[in-house]
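Taking the form predicted on its own, here's one chain by itself in structure tokens.
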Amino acid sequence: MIRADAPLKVRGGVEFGVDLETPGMLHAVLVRSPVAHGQMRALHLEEARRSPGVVCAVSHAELAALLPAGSGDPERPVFPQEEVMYHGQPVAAIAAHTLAEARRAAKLVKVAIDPLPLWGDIESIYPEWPGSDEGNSPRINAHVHARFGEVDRILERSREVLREKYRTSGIVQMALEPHACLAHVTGGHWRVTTSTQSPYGVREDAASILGLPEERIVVEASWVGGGFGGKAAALLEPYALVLSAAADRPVKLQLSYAEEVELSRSTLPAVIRIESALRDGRIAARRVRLLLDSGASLPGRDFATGYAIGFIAGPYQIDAVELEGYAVRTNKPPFGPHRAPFVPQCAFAAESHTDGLARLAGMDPIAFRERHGLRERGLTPLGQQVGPFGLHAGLARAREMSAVWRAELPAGTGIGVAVGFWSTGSSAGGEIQIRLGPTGLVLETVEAEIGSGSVVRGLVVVASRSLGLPPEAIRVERTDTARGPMDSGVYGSRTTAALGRAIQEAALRLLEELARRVPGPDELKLDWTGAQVRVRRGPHSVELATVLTEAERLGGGIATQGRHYGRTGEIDSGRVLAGSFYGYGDFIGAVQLAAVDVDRETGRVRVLRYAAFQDAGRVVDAATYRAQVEGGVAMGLGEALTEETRWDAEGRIENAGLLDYRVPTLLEVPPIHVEAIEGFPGAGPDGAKGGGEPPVIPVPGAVANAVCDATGARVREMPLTPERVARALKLI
């Protein structure tokens, strides 16, 4: 089946956010802070306003006339009134007839900011660990702490204890399409069309930032040129809306690639301390301490910290565990989600450490993981019961593949294994409307296709299976938040799982309604012949058009709704000492192998082969699923080997752009062996589990373990650049 969007995209017939245009629109630019931390002393827009082509310029001073309370979220102001919190933070915005005119005017804005001390590096702020009196410090965005078992006693009395510190780097989503939107405020209606993964998420977020009721804002998604978590919340939309309100004209705002790196809500650096005690070859205790750089603010606070830290314990049975994490405020842009938010970094530390424990125990790394891996009905460190989990099936296949590689690859090749687990976000609410008309079925949703195929292909396949119509008889129709059913967004590996279940419910209601209108003893079925829908019961068949009411004929067919609001598992609240931790939905296992060659003179790592064994529940569409796994592995290789944001001493990103921020090319992605492990059902349709994020999680750990297998040297900082590998090899 060819994806419905493929012909349109090949012909250039879709309108992405960067393509948006409307008559009379203005072009906008952001005026950004030249320092990373400072006190606003003066901001002068007069000369910019007089510049040719400028229609309006706004800063904090103008918000009172445009918004009910000037701004709705003091943690995330539209424009800073007094304190600038990161380099490039927007302090004003300008709209002009052309983009060139807006850019020229922005250079005329006079900004005076008195520098303040810079909170730049989390290890400079806390060289060791925050003291017990730091809980209310302005430097702390969140604090979580959980414990069960006698962790202290076991660590103190065990002879075999491995203590390590790992560092991770900032990762940018780097979608092909930068953020872009087109806003138009008229008659009290605040409307924005934007490249987003979550129209309702943007509406909620923009309303909070602007201090407006949600029902005043209407969000419509354009086609999306990639998101990877970076387009799930508001970023440019509040600025474009404010400018449109001031100018009484439509306003378009988009970022350059350099601005995308500097301003997008990306993953930031972290320090992970992990120590584990071995007894008789088993992990008896593990303590994890996480310092997470949360930038200027942390939407979600405890969630971002308390959800991620659970993955550092790993999907393992351990007698005693302590987890403690601090999110530390720094003068960087706010922390944000990136495909499986911060979990590849967690798995890098956890899986590197687990490999070290296997070596300490004198065991094969795969056998060590098989000995400890969680099984269905076991308990996580937070006391949640494990659901169907394909981890051990994946480990068995990895053991077989590893033996084959050992026999085929030359001596000196390193082979590393890593596992990961994930929880589909299907518990986030989702609703959909389906409408069956004389010529086919329409799936009505607010969600846009972001490139993965989950909307235009995954949902279509579920509807096809549910109603017996061929995929070519089904199309997805996108609407806005004023008219469309509520859905949480295309993120969290939840789309096919949550909306697929909603489609199944709506399809069942549709068939029940048709059964009332077309009586008969036989099972009701739908046919699509000659581009016409027919209803068949046994030998009798009627055209759908003959059973529609007049209102349905005018409205395009019979409409039914479906909704899915899943549940996460229950954690043991008695294990929580501070903050909030969150239970998982599905348990999704991922087991991966990497084979690498390491240049012993330069430290350069080349990945030769890769294999991914993915716990899929049930695959909805094989081609789409395989593409998700391959894309996830490719992205993970970038995180493992090349991708990182570098910050200078003044809080500026040094590598803002595709020339210096290195994403992997096709030449750097090896052949990827993909196997979907079925039979461990999840919450999705017919037992499907999410496939968007699990494939990226184990990659950095697998590569790091392969490097250690090849060289005997452990690299404890990602990415594994040639310099870091060379230092581990003591070449420099």
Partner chain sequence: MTDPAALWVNGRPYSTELPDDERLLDTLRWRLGLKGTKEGCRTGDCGACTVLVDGRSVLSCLTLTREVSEEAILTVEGLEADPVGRTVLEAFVQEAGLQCGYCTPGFVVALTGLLKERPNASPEELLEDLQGNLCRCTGYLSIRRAVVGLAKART
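All values reported here derive from a predicted model rather than from experimental measurement. Positions refer to the first chain, counted from 1.
Quick note: we don't show the form predicted together with the partner chain, though the next part is all about it.
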Quiz item: Can we say V161, V288 and G579 each have a non-hydrogen atom within 4.5 Å of the partner chain in the model of the complex?
Solution: no
Query raised in the report: With the partner left out of view, is G12 within 4.5 angstroms of the partner chain in the model of the complex by any non-hydrogen atom?
Result: yes
Does the partner chain come within 4.5 Å of any heavy atom of L176 in the model of the complex? yes
Hey, in the model of the complex, does E262 get a heavy atom within 4.5 angstroms of the partner chain? no
Practice problem: Using the partner position in the model of the complex, report whether P664 sits within 4.5 Å of the partner chain, counting heavy atoms only. | Solution: yes
Only one of 299-307, 468-476, 139-147, 626-634 sits within 4.5 Å of the partner chain in the model of the complex by heavy atom distance, namely 626-634
Partner-free chain; cross-checking the partner chain in the model of the complex, the single residue of P34, G679, P68, P671 with a heavy atom within 4.5 Å is P671
None of W528, Y126, Y257, W405 but one has a heavy atom within 4.5 Å of the partner chain in the model of the complex; the exception is Y257
Across 439-454, the residues having a non-hydrogen atom within 4.5 Å of the partner chain in the model of the complex turn out to be I450, G451, S452
